[in-house]
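First, one chain by itself: the form predicted alone, in structure tokens.
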């Protein structure tokens, strides 16, 4: 990512995201001003090819934008809109304006498409759909008569019940019974497992952003909080915690780079699995260390650390937790056999 683009993103999110905006979003008010600023800057279209409305950014640059947004705890569906638009473009469907999201996001949820004359009948129930209540459209990966198909679902095609994750982000259940025009459906270029891997790659990048913020806040607090006549950062126990926290934050950034590279180059399940599992581990350990370094103030609503750590605790389980992705990695290594282990590791 160019320094100019990174600086632009940092300024935009710093100017439009703050405690009041995040708290209002958690109370149910969509941050329209922030969303409008992000849309006007072209960030929502960062994953799209230029011929479909993109701005010529690479996948790595788009993921770097997402990492900056996560570091600011921006309470908007930027990741979901990026990924949904990318899937539509891959399928050859037009990308509408506004908030987009994806369904299903859980393995057990299966949506079904059946041909009914000149239209398609889409049915099923999907839970934990990010930002469904705010979506202008939902991009659905459904089981069709000839394999996976991508469908563009408008809000009048489903009913929903509200829910949230630990970070206060909408995670709704949708029940679908919709008739779709033929031009709203296309064969999917991705299998469900590949879409899940794409979601895991995106969450890995977001975890890296949130972890970088937790580290920054912890270091700053340790340097300024005085106890027994000196900053607490001078105490060996705090220094050790911060060193371990910094190590996990660095590992998460490396995992995010690997996940972004996998997203750009075919979604190798070994790479995505290793990245998401390592980022999830980092989120689990480092969030605890960040709170230990802060003491009681880190748990208060007034202090901003919880904006980062609640997202870490939420995102580590979405699109597969460490156990699921470590299983994927293990099966890939077993399938490679003894002669294929070293080439697989060095390729990663």
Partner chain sequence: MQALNFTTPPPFDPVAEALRHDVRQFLAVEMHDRTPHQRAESWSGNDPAFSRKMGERGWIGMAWPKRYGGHERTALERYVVLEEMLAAGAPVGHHWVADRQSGPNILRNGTEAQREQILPRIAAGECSFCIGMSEPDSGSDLAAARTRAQRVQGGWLVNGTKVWTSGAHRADYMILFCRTGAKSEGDRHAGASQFLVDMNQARGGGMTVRPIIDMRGAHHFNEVAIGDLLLPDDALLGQEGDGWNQVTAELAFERSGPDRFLSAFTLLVEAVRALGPTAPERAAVAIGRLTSHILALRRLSRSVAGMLQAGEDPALQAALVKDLGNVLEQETVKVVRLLVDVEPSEEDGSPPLIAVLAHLVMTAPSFSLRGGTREIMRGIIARGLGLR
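Residue numbers count along the first chain shown, from 1. Since the model is a prediction, treat every value here as computed from it, not as a measurement.
One more form of this protein exists, namely the form predicted in complex with its partner chain; it is left out here, but the text below deals with it.
Contact annotation for residue 239: at least one heavy atom lies within 4.5 Å of its partner chain in the model of the complex. Taking the partner from elsewhere, residue 110 is found to have every heavy atom lying beyond 4.5 Å of its partner chain in the model of the complex.
In the model of the complex, no heavy atom of residue 6 sits within 4.5 Å of its partner chain. Although the partner is absent here, residue 203 sits far enough away that none of its heavy atoms falls within 4.5 Å of its partner chain in the model of the complex.
Just one of 169, 134, 172, 261 comes within 4.5 Å of its partner chain in the model of the complex, counting any heavy atom, and that one is 261. Proximity to its partner chain in the model of the complex, defined as a heavy atom within 4.5 Å, singles out one entry of 178, 254, 193, 186, which is 254. Figure note: of the listed segments 126-134, 89-97, 239-247, 150-158, the one touching its partner chain in the model of the complex, with heavy atoms no more than 4.5 Å away, is 239-247.
Contact residues in stretch 315-332 (any heavy atom within 4.5 Å of its partner chain, taken in the model of the complex) are 323, 326, 327, 329, 330, 331.
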